[in-house]
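Okay, here we've got a single chain as structure tokens, the form predicted on its own, with questions on binding and movement later.
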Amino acid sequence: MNYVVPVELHNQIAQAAYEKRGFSSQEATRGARFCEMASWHGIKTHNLLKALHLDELFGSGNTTSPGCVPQAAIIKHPSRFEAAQTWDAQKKLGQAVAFEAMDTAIELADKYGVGIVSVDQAFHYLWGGGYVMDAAKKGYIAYTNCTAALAEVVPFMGKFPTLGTNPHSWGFPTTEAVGFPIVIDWATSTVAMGRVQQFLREGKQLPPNAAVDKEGNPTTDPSKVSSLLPFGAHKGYGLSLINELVGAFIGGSLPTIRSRPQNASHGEKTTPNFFFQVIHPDAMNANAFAVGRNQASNIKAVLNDILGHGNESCLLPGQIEHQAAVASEKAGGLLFTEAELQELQHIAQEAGVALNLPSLATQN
């Protein structure tokens, strides 16, 4: 059973919740926009519940050493590279920074063919796939990665968590070819910690080889999870390491103290880092496609070949999110389970927004 929460009501709750925590109207609007986008596409691990939970634990809710500072101003450093910018986010709300960074990278790509924005001193932006999807819908190839809020993943052949879940997100403008943008978005752990929290909330078990308990023993019980494992053994480990190295080049500090200021010695930074890259498709066009195809028809031909030969039932990355968006459109709002709705009601009460559960439509 799902409950249908009207988009306007959801965003009113989100806006009020952020503003009550001291965020500006613009920050709250961008925070609400992101949470709407996540729920609209069925991303339950990074919706409003997760966003506010992160802010409560590591952000503005951490009164001793907040990792997110309401109404902080971004410092944009001078650069000798015209297509690349470096920012100090000064712990500004991650979603607000990410939307602005991706928009800036798009502007740079329009001018130079490619645009890069690297962000230091950030607060987690949650679902990276949402930002690249938004750019892909506008016609661009987009990529982002970040160092996750916490080091909670054990390296391959290791025993102590020194890596983040460290997602990679790619978006491709393929709506003309397949009806939606292809979005390849994954945490480098077998599951994200948000999935663990979702399974705990829903009373479900984790898949095998996804997590370990505090003794380092494998567990499928979400209530016993202490650390996560990388997907694909050494392959996921390598991909996670990429994020830590990119963050280190930008200015990030030690992974094991990220979001743990109580463990940091004087002068060490405890914030995540972001990296954004946007490519204009024209910048990649060698204009020598086979049998007279152009770039658009060539993309469609390649995808048709991949999904042919008996592979017609295969899913494309981003297809599940597209189907969730279709379901949201059909329902006329955002879909929440009963367990999620109870948490949303608690948030609404704290924000001073009326949420009348019996008035909401339901969907099986």
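Rigid core here is just the name for the largest C-alpha set that superposes within 1.5 Å across the two forms. All residue numbers refer to positions in the sequence shown, first residue = 1. If you're wondering where the values come from, they're calculated on a predicted model, not measured in any experiment.
The following text describes the form predicted in complex with a further copy of the same chain, which does not appear among the structures shown.
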Practice prompt. Answer yes if any heavy atom of Ser226 is within 4.5 Å of a heavy atom of a further copy of the same chain in the predicted bound form; otherwise answer no.
Written response: no
Worksheet entry | Any non-hydrogen atom of Phe172 within 4.5 angstroms of a further copy of the same chain in the predicted bound form | yes
Worksheet entry | Distance check, Ile299 to a further copy of the same chain in the predicted bound form, heavy atom within 4.5 Å | yes
Discussion item. Is Gly267 part of the interface with a further copy of the same chain in the predicted bound form - any heavy atom within 4.5 Å?
Written reply: yes
Worksheet entry | Contact stretch among 194-202, 94-102, 234-242, 217-225 - heavy atom within 4.5 Å of a further copy of the same chain in the predicted bound form | 234-242
Item to complete: Taking 4.5 Å between heavy atoms as the contact cutoff, choose which of Leu206, Ile74, Ala84, Val212 touches a further copy of the same chain in the predicted bound form.
Response: Ala84
Worksheet, complete the sentence: Answer key: of Ala122, Val132, Cys146, Leu163, within 4.5 Å of a further copy of the same chain in the predicted bound form (heavy atoms) is Leu163
Discussion item. With the distance limit set at 4.5 angstroms and only heavy atoms considered, check whether Glu338, Ala351 and Thr362 all reach a further copy of the same chain in the predicted bound form.
Written reply: no
Worksheet item: Going by a further copy of the same chain in the predicted bound form, which residues of 170-198 come within 4.5 Å of it through any heavy atom?
Response: Trp170, Phe172, Pro173, Thr174, Ile182, Ile184, Trp186, Ala187, Ser189, Thr190
Worksheet item: Quick one: core overlaid, is Gly158 moving 2 Å or more at the Cα between this form and the one not shown?
Response: yes
Item to complete: Inspect the rigid-core superposition and answer whether the C-alpha of Lys137 shifts by 2 angstroms or more between this form and the one not shown.
Response: no
Worksheet item: Core-aligned, is the CA shift for Gly267 between this form and the one not shown 2 angstroms or more?
Response: no
